[in-house]
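What follows are structure tokens for two forms of the same protein chain, given separately as structure 1 and structure 2.
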Structure 1
Amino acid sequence: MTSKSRLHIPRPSARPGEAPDFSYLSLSEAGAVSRPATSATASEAEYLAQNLVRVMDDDGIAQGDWIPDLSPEQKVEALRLMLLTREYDNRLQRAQRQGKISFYMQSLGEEAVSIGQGMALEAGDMLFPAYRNQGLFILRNTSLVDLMCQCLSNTRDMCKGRQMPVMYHNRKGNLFSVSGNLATQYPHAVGWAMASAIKGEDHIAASWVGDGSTAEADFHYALTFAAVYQAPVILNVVNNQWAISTFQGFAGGERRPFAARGQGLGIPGIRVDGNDLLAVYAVTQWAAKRAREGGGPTLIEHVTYRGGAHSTSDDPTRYRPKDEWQAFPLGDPVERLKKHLVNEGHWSDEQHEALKEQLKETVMAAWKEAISYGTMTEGPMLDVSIMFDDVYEEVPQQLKDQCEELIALKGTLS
């Protein structure tokens, strides 16, 4: 008698009320994974997609071939940027709960991805972020006030009220607009990288998506174009274990690591501890050097954990254990870098607490200035007539007429 095929339904390892279980994660010891030459082929580097590049061990001591050449001052700056990102997140999360903004998305637990990678890239490199990469904007000196005003949709909103909160951009900082449509930034990054190569420049592109977005068609289009044309691009998958309420297994994470997705196309993949800033910096530096030398694209999977809700519209206690983040075996990226610096004698608990207080004051001062330009409920408000701007090079007459009618209507209502 032949057995019948069965439909497989991926299931998370634990649900609310159950003990967290991360036994499905394949982990490597710190320093255990060797670093190949940047000229290594995808087949020669295949082990990087199956193992996990880690630098800091449980005691915060750096181990192995991937230890980056970062000074103590650079590491302290990385810690400051991660703490600033977290404090910024905390302020905006509270603002949403207070009704000051309509929506927000934290990067809690994922700060090392943005800060570690951003520090390893050059100012001329073009970044195509996702909606949990606020650290990239902070790293590239985007004003906190400007970021806050975008979320407030007020009179200083960089998007003039036309984008939902957290969809930032920074043209001067080479940061493309955040897109709410999943994975659209991946083909954009590849196209920009192809153009850079055509022009003979040595600037590269980098982009980020979540684990769930790897199921989008844009992800596969981008990998195909990057592989065929050997585009100088770094394509990142931030595997934070959850795509809103959907466990990463639904995007194929049960079968093989996301880093292995490029193997069939000849793209090297690296699976890295996304909560280890030193490891994130090192693998990004490796991939960037490879791209600048004409080696083509690299796919990097950052194994991390989304510490908070997917957004302010989400309640994670309905689909995962409340204490799951505390049980995540790769820990908190901020605490891990702090421990590393303390063990090396470059930091202390007292300095850490003083820095946190200083950053709270910095963020609060920025918030006070931001709300002076208006909130959702308090003026001043955006001029509605700007809806006619930035659409046509030459505004059609019918739109000019409508704008005049709107201005006249505003005059009668005021």
Structure 2
Amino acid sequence: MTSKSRLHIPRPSARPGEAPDFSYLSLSEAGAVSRPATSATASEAEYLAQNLVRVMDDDGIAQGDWIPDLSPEQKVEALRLMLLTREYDNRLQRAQRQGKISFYMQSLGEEAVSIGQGMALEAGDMLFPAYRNQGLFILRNTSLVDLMCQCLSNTRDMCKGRQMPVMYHNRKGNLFSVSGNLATQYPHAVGWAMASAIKGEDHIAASWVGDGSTAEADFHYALTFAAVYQAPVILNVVNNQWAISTFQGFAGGERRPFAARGQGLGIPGIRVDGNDLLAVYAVTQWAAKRAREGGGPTLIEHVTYRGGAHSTSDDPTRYRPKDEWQAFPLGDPVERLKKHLVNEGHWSDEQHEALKEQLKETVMAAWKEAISYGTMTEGPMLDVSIMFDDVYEEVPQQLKDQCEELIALKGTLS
């Protein structure tokens, strides 16, 4: 073999010990990208994939024609939900460290995606989340206790002890069951949206994947079906720059934005500042309106940053600079919305701190209740026969026999 290769190997801009470098991120000024009509053709909207839709400038002042029609109360509510998500994450991250749950994944730094989008969609719209969309569950009124009990696999666990932490669902809230297998939810969302159109209903679907997950075939199937049938669906790519240890270049993000992935199929793409709650809200509203008008799918890329480790099993200091998040040019979504609200005179540091304190207490109270239904190590424990339910609609004889065998065996041991 020759020693030279012409294979291009993507390399991140900085490794541990090097200075963070985000010069690869192309940014637009807040307010610089115009808002086309929702009836725009895919070609007319093409520029949205190449630029970056931003509303809040560095001083927190809203700019341009994407400023959403949100009241101060709604914006404070958005801030509260982001803070609540962050505090929820905090609590569960610590619970994992204390051995109370087996595993956890935070959404630190990405809260505006779930909260901004969730707020822009209607209750009847069906959401197909990925594992870092806990904000959607919180926003759609899944009780914190229920979410915690899922992570605890305890007697109140909605998944009946069968799933790892964070694999929530909320049927009443129109939130699909989170899968551990990447990108599988994308075609489901498209199929759900197709059914909505077949039935002549107005509900749309939305789904989320990470930058890394766009490499999976399911991502491409979903785009093709959505384009062919002009399904009323919003497909989101949360580009938090990292997929465990590989940066977004390994998913093909080096030369074209993820937002442009649908363009060959005629799917409009919007690249949005994912840490700008107002911009996230506005582009989602645009895509939802377009879908409801029969305009078909939109692909939205949220440019954000994974503020924490991939999961509690991961140590990111092995592959990226420790201070990379601090250098991320789009900042922290919580701080940015706070600044905007303070600037507009609707919020203060004191209110912010008081709210954080109050949320800490809310989350702590929920945690105390949740662990009273059991933890991984302390009872009460789920009845073991539940293991054999729901494999099929009715438990077949074979499984009944296995359940009996197990119970008899446990009886001889105790």
Partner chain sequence: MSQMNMIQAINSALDVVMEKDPTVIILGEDVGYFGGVFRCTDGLQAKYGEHRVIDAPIAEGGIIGSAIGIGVNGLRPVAEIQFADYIYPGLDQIISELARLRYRSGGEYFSPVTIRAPCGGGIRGGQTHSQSPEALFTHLSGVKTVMPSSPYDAKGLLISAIESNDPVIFFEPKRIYNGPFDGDPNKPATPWSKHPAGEVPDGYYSIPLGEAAVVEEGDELSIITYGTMVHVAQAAVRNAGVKADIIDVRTLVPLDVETLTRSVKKTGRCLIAHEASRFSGYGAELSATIQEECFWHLEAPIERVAGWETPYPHAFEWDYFPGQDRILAGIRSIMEAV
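Values in this document were obtained by computation on a predicted structure and should not be read as measured data. We call the rigid core the largest set of C-alpha positions that still match within 1.5 Å between the two forms. Quick note, the numbers are simply positions in structure 1, starting from 1.
| field | Pair member that is the form predicted together with the partner chain | value | Number 2 is right.
| request: Answer yes if the Cα of residue 23 shifts by 2 angstroms or more between structure 1 and structure 2 on a rigid-core superposition, and no otherwise. | output: No, the C-alpha moves less than 2 Å.
| query | With both forms fit on the core, is the shift of the CA atom of residue 10 between structure 1 and structure 2 2 Å or larger? | reply | Moves: no, less than 2 Å.
| task | With the core fitted, just quote the Cα shift at residue 400 between structure 1 and structure 2, in angstrom to one decimal. | result | Superposing on the rigid core gives a C-alpha shift of 2.4 Å for residue 400.
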